[in-house]
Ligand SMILES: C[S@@+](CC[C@H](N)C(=O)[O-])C[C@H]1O[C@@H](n2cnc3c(N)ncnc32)[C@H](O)[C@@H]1O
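The form predicted alone is given below as one chain in structure tokens.
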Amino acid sequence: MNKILNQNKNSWNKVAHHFDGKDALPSYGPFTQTEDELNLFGEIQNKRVLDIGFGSGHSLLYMANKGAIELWGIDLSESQKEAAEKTLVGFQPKLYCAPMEEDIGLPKAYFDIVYSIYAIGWTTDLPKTFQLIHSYLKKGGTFIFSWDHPLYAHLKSENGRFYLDSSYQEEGLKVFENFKEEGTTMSVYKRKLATYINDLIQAGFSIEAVIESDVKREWKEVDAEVSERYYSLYKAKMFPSTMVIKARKL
């Protein structure tokens, strides 16, 4: 696990600039409905929030603009932390460069909201990550995260037709060579939707919503050109690119 974390950390430090402001609230992911449409967070005013995988800090900026009183975040990459500190100048965020699956002494039973936008799937230990997030939340606190729809990574397209290029039943590590053409290697686990749900339940969460995304409202009537890109409007209109799950600490 440490080898994978170190490898991914080094790679994120190189490719972080590709993701500046991308996949950040109010967006939940590529071509996906936004928080303005889904309204999962509800009232943010005067809430203490923790961002798991804060990236360039734009989701925390969204939270600040919605009235959150404390901004905290964890991210694996020093480059992301530097970018987030620039994004959040004047807001005094508490940002930590650390793996999400390690207990670094963040306060327990403290946060009203913990969330993760397109980052949770990078964890090397999903049960441990969910257990830690559960411990950070106050009783009644909310955890919301988005990630690739678990079947999406198995889909390929050719001339506008989709097919499975690998077994959804087989979970395990997938390695990306030359990620973002930066000469880096990234490793991420493929997991089934049931794995995310069951690990949340085992961590003590009550699940309130499971969303298999549709496209943004304004793109409903837009004609999408056939595309074989991993993320595309054409593909997102045919199949949900993103899952969003809302859970609560009882």
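No experiment lies behind these values; they were computed from the predicted model shown. Position 1 is the first residue in the sequence shown; the rest follow in order.
In what follows, reference is made to the form predicted together with the ligand, a form of this protein that is not presented.
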{"item": "Answer range among 190-198, 30-38, 56-64, 205-213 for contact with the ligand, defined in the model of the complex as heavy atoms within 4.5 Å", "value": "56-64"}
{"item": "Listed residue (A83, I144, L76, L137) with a non-hydrogen atom within 4.5 angstroms of the ligand in the model of the complex", "value": "L76"}
{"item": "Single option in L95, L126, A119, L88 placed near the ligand in the model of the complex, where near means a heavy atom within 4.5 Å", "value": "A119"}
{"item": "Contact test in the model of the complex: L132 vs the ligand, heavy atoms, 4.5 Å", "value": "no"}
{"item": "Any non-hydrogen atom of E101 within 4.5 angstroms of the ligand in the model of the complex", "value": "yes"}
{"item": "Touches the ligand in the model of the complex: L5 (any heavy atom, 4.5 Å)", "value": "yes"}
{"item": "Exercise: K22 in contact with the ligand in the model of the complex, heavy atom 4.5 Å", "value": "yes"}
